[in-house]
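Next up: just one chain, as structure tokens, the form predicted alone.
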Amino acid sequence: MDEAATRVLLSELGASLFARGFSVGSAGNISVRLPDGYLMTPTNSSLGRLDPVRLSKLDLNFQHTGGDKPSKEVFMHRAFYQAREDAGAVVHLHSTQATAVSCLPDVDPSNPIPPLTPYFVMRVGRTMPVIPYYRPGDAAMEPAIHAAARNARAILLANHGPVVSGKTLTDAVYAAEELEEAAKLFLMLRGQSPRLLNAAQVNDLLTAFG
């Protein structure tokens, strides 16, 4: 897919996420890796009203080279791209259910949502750690995100929301959507004793689907 088509796809996917309540106001940001750099949603922009022409363009060193000024959370995306060669796109949302899980003090910080469904494992992976709270826009969280992303395709920022990577832009959006559904199931089942996928079943899924 060339850059022009990628710009259109990013804008369309952003609008879809916004229309379905995964993002409100100017919350959230999306980026995608290109051969010569990155595209990113501009600062203070709504995912529901992105202009493909005005998307921020960054070079391979994450320097702004075109379009509107990029999101203040460039460092969050950079941490994923530098930690994971397989990251072709990164989606950060404030989706309600996943953010709710990020606010719970009694979950396992190394993996707060257990393997309830095969689709969560297939899209998000084996682990999804919670990163301690930092003020939004605080670049001091970059080392913590980078360290966690080396072993996880997705993370939760405490009291903030999810950051999810994928091999492609579509993969990253699908994973963010699946994470929100898994968080919803997890919250519905709290206090009960749900049947979880066991280690062999998780390993089978990761072997079959990567």
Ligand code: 13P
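All figures in this text were calculated on a predicted structure; none of them were measured in a lab. Position 1 is the first residue in the sequence shown; the rest follow in order.
As for the form predicted in complex with ligand 13P, it is not shown, yet the points below apply to it.
Contact with ligand 13P, judged by heavy atoms within 4.5 Å in the model of the complex, is confined among 168-176, 54-62, 39-47, 181-189 to 39-47. Though the partner is left out of this view, residue 78 does not reach within 4.5 Å of ligand 13P in the model of the complex, counting heavy atoms only. With a 4.5 Å cutoff on heavy atoms, residue 136 counts as touching ligand 13P in the model of the complex. Ligand 13P in the model of the complex is approached by residue 160, whose closest heavy atom lies within 4.5 angstroms of it. Using a 4.5 Å cutoff between non-hydrogen atoms, residue 126 does not count as a contact of ligand 13P in the model of the complex. In sequence order, 26, 27, 28, 29 are the residues of 15-39 having a heavy atom within 4.5 Å of ligand 13P in the model of the complex; the partner itself is omitted from this view.
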